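Below sits a lone chain in structure tokens, taken as the form predicted alone.
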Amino acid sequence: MEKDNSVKTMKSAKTLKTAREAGYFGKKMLTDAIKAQEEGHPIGWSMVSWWQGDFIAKAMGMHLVYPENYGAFCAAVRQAEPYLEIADSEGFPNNLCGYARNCLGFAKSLRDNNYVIPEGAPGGGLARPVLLLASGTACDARYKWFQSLGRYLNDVPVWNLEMPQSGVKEYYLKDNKEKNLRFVVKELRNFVSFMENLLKRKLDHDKLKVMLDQALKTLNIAWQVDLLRRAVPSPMVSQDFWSVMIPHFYLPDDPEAYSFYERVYAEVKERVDNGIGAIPNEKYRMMFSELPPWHSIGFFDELSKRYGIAMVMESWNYHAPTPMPEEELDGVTDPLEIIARLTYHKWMEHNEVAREFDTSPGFFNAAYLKWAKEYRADGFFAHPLMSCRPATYTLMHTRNSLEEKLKVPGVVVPGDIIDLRVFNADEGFSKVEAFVETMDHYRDLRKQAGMAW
């Protein structure tokens, strides 16, 4: 008998009205780039760099699209498989980053169509770039991915942004932070020189500063929404967050993104003020780590219906950073230094928590030890990925740390960000069903230990 995968391929219904509106921003990035190219403006394909390179490129008139976001979009609309199959046929291994495989498959289809976006490409497709803006942050595959695009985009230069990622103990060494920041600022100056030569125009520092001011406002209000989510019952769940994150993660400099987040904040605050939960039957509160199965976000709606599970916090790397201390920016007027401090802060923001719990690394790990208490988590949902080592290698360590230090247990449900074929929803439901009793047991243990939740 053929297995029923209807839940596996179900889109999330989302609980926030604003979350259902957020798709506008993803489509806007794609369509604006296509229109800009038609008008003669330069297009860049950019890796996520946690805002390190984005503002500079945009301030110089370049329109950016993000292949990682495009991979998630293709998966969400169930149209990633053709690109994955093209990548497979080109000899790329199926355990390579799903974002990369989707992008490589699209790039080959673009080349084979004489660099005209093929008809029917999801979301209208990615406009042909004049720059591939890469990043050495987080992921080893990203070093080679954009280089490998040279097979299909052989006249397009690659620029790789670098960001020191200190260990927890190293972070606190004398002068380490300032030396790292000086390194990043120097890297950004080199990038500016490269861009000015590529585009034959100068960077408008005043425009860049305006964009940064707007971005910091947007990131701050996104962080304030995170604070509201501490409420019980949870006013907003992960299914909502994975939609509303697009504006602050990719477009924080866009005034529309800030206006959107004002509406998100108002909607979430109204729920908090009136004690309204995102799901009507909240019984268990879980955290999710790290990258979701974009093709099957509806899986989490089903967990809510079956077991009363609210995913109250998730995906450290997608969240707006905690605000930098005022003294961090006191007297800093160079926009390149502000960018350096913002990106560096995002990666180092939880080192104090990591030091408190004697764990490492601070990123992809320590945030969950902080959030477990703040969001009163009953459990931890670990999602190991076939195609992403950086978002996987800390998961077992984080799960063990939460259980040992805070009596918060974890369940492991493997899958993939893009490849629908390796996600087994039925197996996931079976694991979570058994895990519910584990959460009940650890609630009792926390109560016996006199813990706050």
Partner chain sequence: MSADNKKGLAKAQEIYNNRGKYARSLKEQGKKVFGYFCCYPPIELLTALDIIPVRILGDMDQPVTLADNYLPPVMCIFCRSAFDLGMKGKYDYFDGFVGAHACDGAERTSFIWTNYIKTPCNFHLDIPHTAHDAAVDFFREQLEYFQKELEKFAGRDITPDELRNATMAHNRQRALVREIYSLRKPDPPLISGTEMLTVLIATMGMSVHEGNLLLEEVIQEIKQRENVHEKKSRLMIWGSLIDNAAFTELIESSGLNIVIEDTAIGTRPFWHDIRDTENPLQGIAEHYLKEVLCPRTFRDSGKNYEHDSELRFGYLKDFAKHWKVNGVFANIIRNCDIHGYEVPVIKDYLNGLGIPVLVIEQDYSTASLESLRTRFQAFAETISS
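Residue numbers count along the first chain shown, from 1. Every value quoted in this text rests on a predicted model; they were computed, and no experiment measured them.
Just so it is clear, the following notes concern the form predicted in complex with the partner chain, a form of the same protein that is not shown.
Trainee: Using a 4.5 Å heavy atom cut-off, state whether E90 contacts the partner chain in the model of the complex.
Mentor: Judged by the heavy-atom cut-off of 4.5 Å, E90 is in contact with the partner chain in the model of the complex.
Trainee: Heavy atoms within 4.5 Å of the partner chain in the model of the complex: does D175 have any?
Mentor: Yes.
Trainee: How about Q37 - does it come within 4.5 Å of the partner chain in the model of the complex, if we only consider non-hydrogen atoms?
Mentor: Contact with the partner chain, no.
Trainee: Verify the contact flag for V48: yes if a non-hydrogen atom of it lies within 4.5 Å of a non-hydrogen atom of the partner chain in the model of the complex, no if not.
Mentor: Residue-level check for V48: no, no contact with the partner chain.
Trainee: In the model of the complex, does each residue in the set K217, G277 and K283 place a non-hydrogen atom within 4.5 angstroms of the partner chain?
Mentor: No: none of K217, G277 and K283 comes within 4.5 Å of the partner chain in the model of the complex.
Trainee: Please identify the residue among L212, L369, A231, L96 with any heavy atom within 4.5 Å of the partner chain in the model of the complex.
Mentor: Going through each option in turn, the one that passes is L96.
Trainee: Of A141, I297, I117, V353, which residue is found within 4.5 angstroms of the partner chain in the model of the complex when only non-hydrogen atoms are counted?
Mentor: Result of the distance check: A141.
Trainee: With the partner chain left out here, work out from 121-129, 180-188, 197-205, 258-266 which stretch has heavy atoms within 4.5 Å of it in the model of the complex.
Mentor: One stretch meets the cut-off, namely 180-188.
Trainee: Could you run down 138-160 and flag each residue that has a heavy atom within 4.5 Å of the partner chain in the model of the complex?
Mentor: If the 4.5 Å heavy-atom criterion is applied to the partner chain in the model of the complex, 138-160 yields A138, C139, D140, A141, Y143, K144, W145, Q147, S148, G150, R151, N154, D155, P157, V158, W159, N160.
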